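The form predicted on its own is given below as one chain in C-alpha cells.
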C-alpha cells in the first residue's frame, strides 16, 4: 500500500507547481502592496496581513519567467518556513490534492539555472506533471542578491526616525 501526501497547487505560466500543505498558511486574492526601493528583483513589495508586514516574492521573477502582463492580478500563497512568513505571488490557485508517493520522482538532473535549485521533484499525475517547489530555497534570496530575505524584511520593518536616537 502506497502512502500519500497533501499538496497545495498553483499555476505559474502554465506550470502546475506544488507545496506541502503544512507550509501554506493561507491563500489570498491580490493585496495592496508597497514597493521597496533597492529590494531584490523578485521582491514585488510588502503587504500588510492583519498587522503583520510580509514580503511578497513574485514567483514568475524568482523562476526567471516572463513578467505578468495585462490586468491579471496575482494571487498570494502565504507560506511559513523556519519562522519566516512570505507571500508568493502566483497566477492562479489550484486545488489541494492527494499525491501518491509511488508517482514521485526526483527532479531531472538536466534542469538548469534556478529551476535546478528550486524544483526538488515531480509527481506524475494523470494529465500532467506536478513540480514540487523547494520552499526554503525559494524564499532565500541570498543567492541572487547577497542579502537574505529575512534581513530585507527586518530592515524594512524597523521604523526610521531620522537622526533622532
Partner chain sequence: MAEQDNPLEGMEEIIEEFLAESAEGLDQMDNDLVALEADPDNRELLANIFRTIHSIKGTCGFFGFSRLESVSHAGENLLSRLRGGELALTQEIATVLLNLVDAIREMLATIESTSTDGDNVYADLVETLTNLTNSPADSADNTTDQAESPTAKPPVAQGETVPQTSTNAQQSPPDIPEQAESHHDPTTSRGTLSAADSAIRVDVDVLDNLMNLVGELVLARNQILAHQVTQQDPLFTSACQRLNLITGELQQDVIKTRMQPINTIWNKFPRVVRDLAKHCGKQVRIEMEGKETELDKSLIEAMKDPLTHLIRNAVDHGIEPPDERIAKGKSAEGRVSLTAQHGGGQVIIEIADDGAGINVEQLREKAIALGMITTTQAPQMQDRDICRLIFAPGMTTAKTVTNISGRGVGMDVVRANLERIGGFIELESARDRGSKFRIQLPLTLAIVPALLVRSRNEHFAIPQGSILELIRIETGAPGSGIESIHEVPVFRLRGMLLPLIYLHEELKLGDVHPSDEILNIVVLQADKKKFGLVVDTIEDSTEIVVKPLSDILKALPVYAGATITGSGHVALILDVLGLAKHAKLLSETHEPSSDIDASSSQQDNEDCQPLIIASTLDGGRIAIPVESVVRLEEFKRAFLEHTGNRTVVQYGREILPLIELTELLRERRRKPRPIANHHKSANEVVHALIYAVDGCSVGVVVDRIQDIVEHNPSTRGPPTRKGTLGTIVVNGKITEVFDVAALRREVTALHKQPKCAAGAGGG
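Numbering follows the first chain given and starts at 1. Being a predicted model, the structure only gives us computed values, none of them experimental.
From this point on, the text means the form predicted in complex with the partner chain, which you will not see here.
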- Stretch from 66 to 74, 53 to 61, 100 to 108, 115 to 123 whose residues place a heavy atom within 4.5 Å of the partner chain in the model of the complex: 53 to 61
- Touches the partner chain in the model of the complex: residue 133 (any heavy atom, 4.5 Å): no
- Message: I'd like to know whether residue 17 contacts the partner chain in the model of the complex, with contact meaning heavy atoms within 4.5 angstroms.
- Response: no
- Contact test in the model of the complex: residue 30 vs the partner chain, heavy atoms, 4.5 Å: no
- Message: Taking the partner chain as it sits in the model of the complex, is residue 141 in contact with it (heavy atom to heavy atom, 4.5 Å or less)?
- Response: yes
- Task: Scan 22 to 39 and note down the residues that get a heavy atom within 4.5 Å of the partner chain in the model of the complex; none is a fine answer too.
- Result: 32, 34, 35, 36, 37, 38, 39
